[in-house]
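One chain comes next, on its own, written as structure tokens: the form predicted on its own.
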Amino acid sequence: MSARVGLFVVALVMGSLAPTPPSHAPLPASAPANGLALTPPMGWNSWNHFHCDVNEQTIRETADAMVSSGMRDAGYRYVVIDDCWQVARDANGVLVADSTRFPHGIKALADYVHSKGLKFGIYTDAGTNTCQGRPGTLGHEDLDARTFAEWGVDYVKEDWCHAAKLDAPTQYAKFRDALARTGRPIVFSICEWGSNQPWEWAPRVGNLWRTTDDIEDTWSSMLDNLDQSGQHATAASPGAWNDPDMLEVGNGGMTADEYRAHFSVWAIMAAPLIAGNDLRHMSPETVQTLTNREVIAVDQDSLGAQGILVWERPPELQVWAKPLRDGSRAIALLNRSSAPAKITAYFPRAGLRTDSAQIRDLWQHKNLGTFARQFASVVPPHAVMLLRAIPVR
């Protein structure tokens, strides 16, 4: 279907052809005891845009930009340095930051981030070395956890390179416990790429866990990660979240419509919203996407339910729905094809138990009216229509 040229309009008829959507099973009762990340974490991570080219000035300027762009006020909090900040361990085994790139040390940088009303995050690895060959945490769990706490770290991402002979649930639990012993509230991000079925054990270990390979700044990669992470909705709950990887919004590899779709489906999935672009140099369009408070509200809804796929005509046309605390539903009409398509969302399949609903377009910030039993619209190619459906009783 995606190869057809010209105007292509198809209605999704959610009748006998449509599979019955899975109901939201009871959410896991056990989540990490740290009481953190009761809604999906929001922030920024250096890797997607900067990779190893990270330094103190960039992090300071990013913290400044998070404030000046309005992202902090929209809910973004964590400024996270990924790999390549560390170079060695000292005589006492303490991790040493690259003194050329971070001349004032990590503690001073964390203090600066905190002075902006933000929180500071850092990266390590469960194995002997990080993915870029820097010192890993294996055998130094308590020391590294204490070091991070002393530096004022609020969020730790732990990777899984050079860890092939380790047992992931055991190793990540060691670091969870080490972080807990510090007495400092630290969000724990597990990054083993979904290779050890983390949705089965990580809800009791980390606040978020990767369900996918690393994202790339392409439409196909984003959809692959959506498809993978979307399979594990029942593992998510307040304090424990499936992580389909960081956002690529603003990095230049996708169109504006594709980035809005990316941001929308991450919100539907209750995914962490961790920006991965250069916050210092954003177009107005990128800022508008990342700070759309109505879309962010879907992601941050306190019910803590991950949205699910409720209908598809494989693989191009989909309807996703997410229950919200106030009884309404967020509904995404996702057109993965290369031509416009009419997509119809039938309210019962989205979980609405009333005949009528008020529909609001969350990108147009516009009430569309009251509709009976269904809502339909033509969605552009590689785009989404994100709605809030409020039951009329």
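Everything numeric in this text was worked out from a predicted model, so none of it was measured. One rule holds for the numbers: they count along the sequence shown, beginning at 1.
One more form of this protein, predicted in complex with a small molecule, exists but is not displayed; see below.
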{"query": "4.5 Å heavy atom contact, residue 214 to the small molecule in the model of the complex", "finding": "yes"}
{"query": "Residue contact check: residue 193 to the small molecule in the model of the complex, 4.5 Å heavy atom", "finding": "yes"}
{"query": "Exercise: residue 132 in contact with the small molecule in the model of the complex, heavy atom 4.5 Å", "finding": "yes"}
{"query": "Touches the small molecule in the model of the complex: residue 209 (any heavy atom, 4.5 Å)", "finding": "no"}
{"query": "The small molecule in the model of the complex reached by all of 82, 157 and 246, non-hydrogen atom within 4.5 Å", "finding": "yes"}
{"query": "Position in contact with the small molecule when the complex is considered in the model of the complex, options 120, 320, 148, 123, heavy atoms within 4.5 Å", "finding": "123"}
{"query": "Option from 68 to 76, 173 to 181, 95 to 103, 82 to 90 whose residues, in the model of the complex, bring a heavy atom within 4.5 Å of the small molecule", "finding": "82 to 90"}
